[in-house]
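Have a look below at one chain only, the form predicted on its own, in structure tokens format.
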């Protein structure tokens, strides 16, 4: 089967590596991919150009397409490919609204009694400012639309809230994505990411994960797209998993069915384990980055079968073969990320015994050079979390580019939860 993966980051490289091992894949392509994806033939193109992607897929005789990034999903790329007779792993534009509109997802949770934070939505500044004045702090302000994982502000007092709302509505902080905002209660507790495969009716969760969003150690600095992940998450016990399945996961799938937009693809649940039980922080309509790198490292096989069953129906837990143990992914970024940074620096090193996933890179005559904020990630697996973390950090010492920045505490909080120092 000829398979095409849409996207160019570390998440897509992890998907490409996993699919390359599947016996049913006879030819593997990525659009546009990146220069580090040696397991696939990279095709030129813009994922936001749906007619262009369809034309390229037809020309290559693609038989199955995996649409990974959020923007093309929200833009209806799956709809366009399906209309052209090319089956896809990924939600339709209508189903992808569960991520592309915070207001849509919050209304869904309210209407179907799915636990989440207290919230209100606004499309003009004055009512939002008035509402914020009467709320307890801290408070969370979110852009309604997609914002590359950076459309969330946590404000500590009324003055910060007014400044944030001014920046969003009057200063265009989030562009068109911030034309509407959701203001919601600040929740506390361990965060958990759960990626689940869905066929519109059935849902199969993958191993849980713990993301590290802040740029600096000890959860300091600016929010990023993600600086590292461990899986599974030790705070996500079997008892909590069952509660989430009954109160959050299955009700969400049934809600999308009831709304006439059955979700097929990867549904990402961002959860907060509060003292009052699990709450939904956010939904994503696709694999997360860098969660995918760690989670897929714990999948031994069956990914293509599971993806096909998501599209055609009949998904079951038996489709995937999972390995025991833990995974740790460490992201190496350009110095200054997520702020201003320089690119064009040569990348050297090739650690053994870990998965290397490239993201912000390009090819020059002498090899790969940096070309983005998050440059690459290194993922190690091992029988224990401590061993996986140690292996991942040993690998970072063997990769080099000028100004390389990475957190040195990925998984530290999880180790403490396990009683390991």
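Positions refer to the first chain, counted from 1. Bear in mind that the values here come from a model prediction, so they are computed numbers and not experimental data.
Missing here is the form predicted together with ligand AMP; even so, the following discussion is about that form.
Participant: Identify which of 281, 182, 259, 347 has a heavy atom within 4.5 Å of ligand AMP in the model of the complex; exactly one of them does.
Facilitator: It is 281.
Participant: Here the chain is shown alone; which of 109, 253, 74, 140 has a heavy atom within 4.5 Å of ligand AMP in the model of the complex?
Facilitator: Going through each option in turn, the one that passes is 140.
Participant: Heavy atoms, 4.5 Å, ligand AMP in the model of the complex: which of 80-88, 242-250, 184-192, 124-132 makes the cut? Say which one.
Facilitator: It is the stretch 184-192.
Participant: Given that ligand AMP is not shown alongside this chain, does residue 120 nevertheless sit within 4.5 Å of it in the model of the complex, heavy atom to heavy atom?
Facilitator: It does not: once ligand AMP is placed as it appears in the model of the complex, residue 120 has no heavy atom within 4.5 Å of it.
Participant: Should residue 196 be counted as a contact of ligand AMP in the model of the complex, where contact means heavy atoms within 4.5 Å?
Facilitator: Residue-level check for residue 196: no, no contact with ligand AMP.
Participant: So in the model of the complex, does any heavy atom of residue 213 sit within 4.5 Å of ligand AMP?
Facilitator: Output for residue 213 is yes: heavy atoms within 4.5 Å of ligand AMP.
Participant: Residue 152 versus ligand AMP, in the model of the complex: is there a non-hydrogen atom within 4.5 Å?
Facilitator: Yes, residue 152 is a contact residue.
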